[in-house]
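First, one chain by itself: the form predicted on its own, in structure tokens.
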Amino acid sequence: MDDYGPLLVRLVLIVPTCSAALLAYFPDDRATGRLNAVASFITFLASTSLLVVRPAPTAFLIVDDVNVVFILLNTFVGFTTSVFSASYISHEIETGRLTPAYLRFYHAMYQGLMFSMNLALLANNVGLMWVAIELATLTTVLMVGIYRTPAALEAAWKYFILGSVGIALALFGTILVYLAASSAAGEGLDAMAWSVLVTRAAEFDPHLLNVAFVFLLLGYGTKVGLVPLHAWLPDAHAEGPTPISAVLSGLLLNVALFAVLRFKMVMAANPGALAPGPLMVALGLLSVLFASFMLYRRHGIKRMFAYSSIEHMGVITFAFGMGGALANFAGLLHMAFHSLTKSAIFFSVGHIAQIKGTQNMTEIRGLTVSHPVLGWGLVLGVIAIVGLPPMGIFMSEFLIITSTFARQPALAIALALGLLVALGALLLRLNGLAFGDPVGSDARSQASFIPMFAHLALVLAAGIYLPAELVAWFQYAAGLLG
């Protein structure tokens, strides 16, 4: 199997690239949704092979025990979201919100987004990773503005401006890392390769690394949606197609955080460098507290869950900032559970917006009465995202709080307060959305329920029982994160 390793890695990139080109020119618009789902499934199958096949790193690509966690999650949620997209976007065409001319464009851009995210995760070169994340930014900007309404174009423009500022800061930080590495590893590709940076980080100038990490955390933190760099995220979620909201919250935020973690590993390997943990803890905790209180002020359902994404990315950043085997393990679990749960919630929200013809929560009531399957699916999603047992997020949040309390009780109390505030806000909103007398349209959505319930079933199963192999895998990856 090792002989096929390089081919399998390339397939994870080649399939979405070729699919994007094919979808852009495919003559039958109606078949593009199915082709998008098939291509995403093939990419997922290729990524699963990386569990057993680990080709040697090259100058540009690498598969290791850290990025394989992210790449599997990325391709799986990418596949399930493509299944949801097929029927969702077709419904948007039928109702006139999108014209048929945009159907091929949407699915081609979707595969382009999957390629850029996969490339960022597999890149062994810090410059190539930066290019991939910038490509993901540009692709999602086009998709956020696809409805061509004034609000959608404003959201896309805000995303483009703030994303570009963030990516520019990340570029400056990347250049500083290269300068720090080139004095020890020599000029050229070696000074930009993760496999070299991590092993030789102790030889780098710690002062350059310190300045570089500040720029990298601020730059990529903009893409993660950390407060106060979050302003683009609620608008992008509210105005873009719902499947893209699922990809943004469930995948793209993780990719940006992955870049931060890669550089955190370099910092941790240099004894003279600044400890990256306190900066990550501060931004993570600020994000949790700010987003939790802002949940009470939201009236749009997609905008509300966008702030929930900011909150949970804050929790994950906080966990990785605390560091250590247990906190990192809990952070990885929380990242996986949040990706599955939040994408499932956005699948549900997509149905709701199509049925009711609005995102305003005052015009959405009694979903469990008018649409029982959809209503109870939303209930399960909210129960999962607020961290109630037996859903998996309860376990990951419990581990994060207990591991923090053992070292910094005050931080654990502040984090728990933020989580309780968010719990109250979401349960309060859920009460009106799901229960009581129905309000609004009783139309039916043609989008598939299968991806939503598949994700929620996985989160429920993980909350009840985690296989020993999965625990060992995540524990090993957590140990590498420092």
Partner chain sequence: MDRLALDVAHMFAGGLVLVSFMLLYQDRMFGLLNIFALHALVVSLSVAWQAYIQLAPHLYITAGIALVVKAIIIPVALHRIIVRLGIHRTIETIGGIGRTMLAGIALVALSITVMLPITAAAGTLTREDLAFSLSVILLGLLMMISRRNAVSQIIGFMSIENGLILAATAAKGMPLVVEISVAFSIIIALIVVGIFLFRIRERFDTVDVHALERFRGSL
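Quantities reported herein were computed from a predicted structural model and do not represent experimental measurements. Residue numbers count along the first chain shown, from 1.
Although not depicted, the form predicted together with the partner chain is the subject of the following passage.
Student: Identify, from the list S370, N360, S90, N270, the residue with a heavy atom within 4.5 Å of the partner chain in the predicted complex.
Tutor: Result of the distance check: N360.
Student: Between the options A275, A231, A282, V214, which residue brings a heavy atom to within 4.5 Å of the partner chain in the predicted complex?
Tutor: Checked against the cut-off, the match is A231.
Student: Can any non-hydrogen atom of E94 be found within 4.5 angstroms of the partner chain in the predicted complex?
Tutor: Although the partner chain is absent here, E94 would stay clear of it in the predicted complex, with no heavy atoms inside 4.5 Å.
Student: Answer for G324 alone: is it within 4.5 Å of the partner chain in the predicted complex, judged on heavy atom distances?
Tutor: The answer is no: G324 has no heavy atom within 4.5 Å of the partner chain.
Student: Report yes if any heavy atom of F60 sits within 4.5 Å of a heavy atom of the partner chain in the predicted complex; otherwise report no.
Tutor: Heavy-atom contact with the partner chain at 4.5 Å: present for F60.
Student: Looking in the predicted complex, any heavy atom of G188 within 4.5 Å of the partner chain?
Tutor: So G188 counts as contacting the partner chain.
Student: Pick from 396-404, 164-172, 340-348, 111-119: which stretch has non-hydrogen atoms within 4.5 Å of the partner chain in the predicted complex?
Tutor: Correct option: 164-172.
Student: Enumerate the residues of 126-147 that have a non-hydrogen atom within 4.5 Å of the partner chain in the predicted complex, in sequence order, or give none.
Tutor: If the 4.5 Å heavy-atom criterion is applied to the partner chain in the predicted complex, 126-147 yields G127, L128, W130, V131, E134, L138.
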